[in-house]
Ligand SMILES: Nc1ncnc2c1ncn2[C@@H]1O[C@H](COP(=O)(O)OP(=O)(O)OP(=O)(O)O)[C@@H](O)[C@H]1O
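Just the one chain here, the form predicted on its own, laid out as structure tokens.
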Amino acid sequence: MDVQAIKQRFGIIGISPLLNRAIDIASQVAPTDLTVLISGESGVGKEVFPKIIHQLSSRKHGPYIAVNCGAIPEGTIDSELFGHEKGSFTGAHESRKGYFEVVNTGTIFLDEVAELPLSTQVRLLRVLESGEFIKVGSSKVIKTNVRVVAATNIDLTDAISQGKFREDLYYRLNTVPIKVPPLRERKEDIHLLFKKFATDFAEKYRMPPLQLDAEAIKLLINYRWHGNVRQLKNITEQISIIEQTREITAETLLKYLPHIQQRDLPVLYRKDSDNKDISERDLLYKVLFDMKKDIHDLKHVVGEILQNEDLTKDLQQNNAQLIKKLYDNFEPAGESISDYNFHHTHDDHVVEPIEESEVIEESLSIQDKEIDLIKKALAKHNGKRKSAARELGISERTLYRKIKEYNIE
């Protein structure tokens, strides 16, 4: 049976190549007994594909059942699928056949298969591999001949990485994958579906069908439709019932579309250069107050910032005050803030520090600087380690270790 005939038989609307491809795969795999995994977002119409597979297979005269795995409580899912013996658990007053026993020689559709508990996944894997299962509370092995078609609206590979789905079961289910495209990838089908739904609801509620103007059609097609076909059908029904006029404009249609997702817009961003003053200030604060930076790198970064001619006058003055305060509080031994003469030219541009080559080429020991800072902090707080550690931005335990390591008295 060709794709067009399948569409007519099962009431499928659309001309999208992606949709046609999914239908073609379903028709090709139907005569076999291979397990099929149908994937696609919620509302795309995955439930029609198991029916296609069943009706075009040699099992079409056998039973067919669709099971929503997410709608069955975890405590009863094993009983529902595989049955149970009388007295196997509280409330089991009599024996019961499960779906896999009832649907023998037929097809079972497991929707939202990712919602199955891990223990149930083990039982399902055994059925797929050997056609055997055991009822809850029984030790007797039962054979079954069932064709399994599963569906999911989530990425099972992500569920596997999170430990929520068994990898071996995934590969067993995914023998033949069918991807049902979302509505936003079937733009050529959106208006066709709207007209079909509008006609159906017009007959149901005995009223003229809706008509969209050009702008409304454009809005309908460009909307993202996160709920896919189901959302489109619901909105069409709402408009059919509520609106008195049958001529629908874009303004009217817009009232029924969730405003938070009206359009897909590109992400706007601001380059760092667009807000240069703020980025330079943030960088300066980071350098000034990060006590774990070694002194040589601090001088180098500050020197580069002071040489940046793009800074505003206010930022230059603030930078100089902050740098002077830093050196007043943490002045290394043998050096003074006076060694760096910050002054301005007639155009208020900061000139580079005096003896810049000496600063850059100077060889400093990070360990010596660290010892010096620790001594200064201890002296400032009269030997109180807790206060000194807070001043240095480290834990008291780390300070104690460094005092012992550097043999500081």
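Residues carry their position along the shown sequence, with the first being 1. The structure presented is a predicted model; accordingly, all values stated were derived computationally and were not measured.
The same protein also exists as the form predicted in complex with the ligand; that form is not shown, yet it is the one meant from here on.
Peer 1: Among the candidate residues 84, 123, 186, 147, which is the single one with a non-hydrogen atom no more than 4.5 Å from the ligand in the model of the complex?
Peer 2: None of the other options qualify; the answer is 186.
Peer 1: By the heavy atom within 4.5 Å rule, which residue out of 394, 18, 25, 12 makes contact with the ligand in the model of the complex?
Peer 2: Spelling it out, the residue with a heavy atom inside the cut-off is 12.
Peer 1: Could you tell me which of 204-212, 230-238, 164-172, 249-257 sits within 4.5 Å of the ligand in the model of the complex, going by non-hydrogen atoms?
Peer 2: One stretch meets the cut-off, namely 230-238.
Peer 1: Does residue 33 reach the ligand in the model of the complex, with heavy atoms at most 4.5 Å apart?
Peer 2: No.
Peer 1: Please check if residue 104 has a heavy atom lying within 4.5 Å of any heavy atom of the ligand in the model of the complex.
Peer 2: Because no heavy atom of residue 104 falls inside 4.5 Å of the ligand in the model of the complex, the answer is no.
Peer 1: Would you please decide whether residue 99 lies within 4.5 angstroms of the ligand in the model of the complex, comparing each non-hydrogen atom pair?
Peer 2: Residue 99: no contact with the ligand in the model of the complex.
Peer 1: Is residue 110 close enough to the ligand in the model of the complex to count, meaning some heavy atom within 4.5 Å?
Peer 2: Judged by the heavy-atom cut-off of 4.5 Å, residue 110 is well away from the ligand in the model of the complex.
Peer 1: Using the arrangement in the model of the complex, list in sequence order the residues of 182-220 with any heavy atom within 4.5 angstroms of the ligand.
Peer 2: Counting only heavy atoms within 4.5 Å of the ligand in the model of the complex, the contacting residues of 182-220 are 186, 193, 197.
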